[in-house]
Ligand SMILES: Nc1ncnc2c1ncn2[C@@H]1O[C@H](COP(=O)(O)OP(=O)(O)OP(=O)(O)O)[C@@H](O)[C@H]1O
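One chain comes next, on its own, written out as structure tokens in the form predicted alone.
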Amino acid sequence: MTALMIDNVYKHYGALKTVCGVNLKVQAGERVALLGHNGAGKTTLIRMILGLTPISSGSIKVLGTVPGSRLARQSIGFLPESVAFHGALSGREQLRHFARLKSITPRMADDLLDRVGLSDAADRKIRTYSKGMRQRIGLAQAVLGKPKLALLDEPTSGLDPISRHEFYDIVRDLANAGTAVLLSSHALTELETRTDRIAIMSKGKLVANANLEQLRQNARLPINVKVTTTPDHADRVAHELGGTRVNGQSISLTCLQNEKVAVLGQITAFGEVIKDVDVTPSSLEQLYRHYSVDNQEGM
């Protein structure tokens, strides 16, 4: 089922176009990362999905209905980049308030407090919470009631490394239960293995939309290969492979994706003189730069 359908959407303020012809689908149970520099149009797009900003042209459908409709509001869980709650309330009181608004039992709110690691601080006033703790309350309210579409804007901001892992476990569980997740973030390294698809915006346009492997194939960025040999054979191996010797036993070389198998075949042909091979494909950070910066210099 398509949870979110964005069809040729534009947003302009006079002559200024902030979103230009964006097409994007997010299916039930799919995790899509929405990437882009500040001013790329991500926040404007999210606000249009929420029904907070009118669309200039094109259409957006949330579970088949228009943004801002009663069904759309009931179906969406939203975590903004900057969360703000009533400081005089405890975490439990705040989340139970959201539960009442969504006609959800208080027990579910209490369970979520435990899930986001706030059970010990649940009865403390929110004004005493750190930024990371407030962010976890924000995450809990966003996933309260198991929304059909979760919009998460910089969701790991302020979270420590352990909390970040726990957050992505929650996102995985949401997706496994059928929730479509659209996640906007600048934390590129943590998204590589935790999302199903990457959508990249630049200057209001969607410049890439594919899984990580497809992005690598389309970008044709070089793959880094590090070969470790016995000391006596490093120079010969480096010469025959066309690589560079970087220390006593290591050789560095690059190849394209479609050359990888052939290069690995050349390496294994050396036999016992090869002690180790490390193949490093292009990172999401490199791909992001390729699609959002390098490809846009001529625009």
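Numbering starts at 1 and runs along the sequence shown. In this text, all values refer to a predicted model and were calculated from it rather than measured experimentally.
The following text describes the form predicted in complex with this ligand, which does not appear among the structures shown.
Q: Is residue 42 close enough to this ligand in the model of the complex to count, meaning some heavy atom within 4.5 Å?
A: The answer is yes: residue 42 has a heavy atom within 4.5 Å of this ligand.
Q: At the 4.5 Å heavy atom threshold, is residue 154 in contact with this ligand in the model of the complex?
A: Flag for residue 154 set to yes.
Q: Look up in the model of the complex whether residue 186 has a non-hydrogen atom within 4.5 angstroms of this ligand, and give yes or no.
A: Because a heavy atom of residue 186 falls inside 4.5 Å of this ligand in the model of the complex, the answer is yes.
Q: Would residue 282 count as touching this ligand in the model of the complex under a 4.5 Å heavy atom rule?
A: No, residue 282 sits far enough from this ligand in the model of the complex that none of its heavy atoms falls within 4.5 Å.
Q: Taking this ligand in the model of the complex, would 74, 98 and 114 all count as contacting it (heavy atom within 4.5 Å)?
A: Not a single listed residue reaches this ligand in the model of the complex, so no.
Q: So which of 260, 37, 245, 61 reaches within 4.5 angstroms of this ligand in the model of the complex, heavy atom to heavy atom?
A: Of 260, 37, 245, 61, the residue with a heavy atom within 4.5 Å of this ligand in the model of the complex is 37.
Q: To verify the annotation, which of these, 110, 192, 166, 81, has a non-hydrogen atom within 4.5 Å of this ligand in the model of the complex?
A: For this set of options, the contacting one is 81.
Q: So which stretch, 269-277, 42-50, 24-32, 252-260, is the one near this ligand in the model of the complex (non-hydrogen atoms, 4.5 Å)?
A: In short, 42-50.
Q: Counting only non-hydrogen atoms and a 4.5 Å cut-off, give the residues of 1-27 close to this ligand in the model of the complex.
A: Going through 1-27 in order - heavy atoms within 4.5 Å of this ligand in the model of the complex - the hits are 13, 16, 18.
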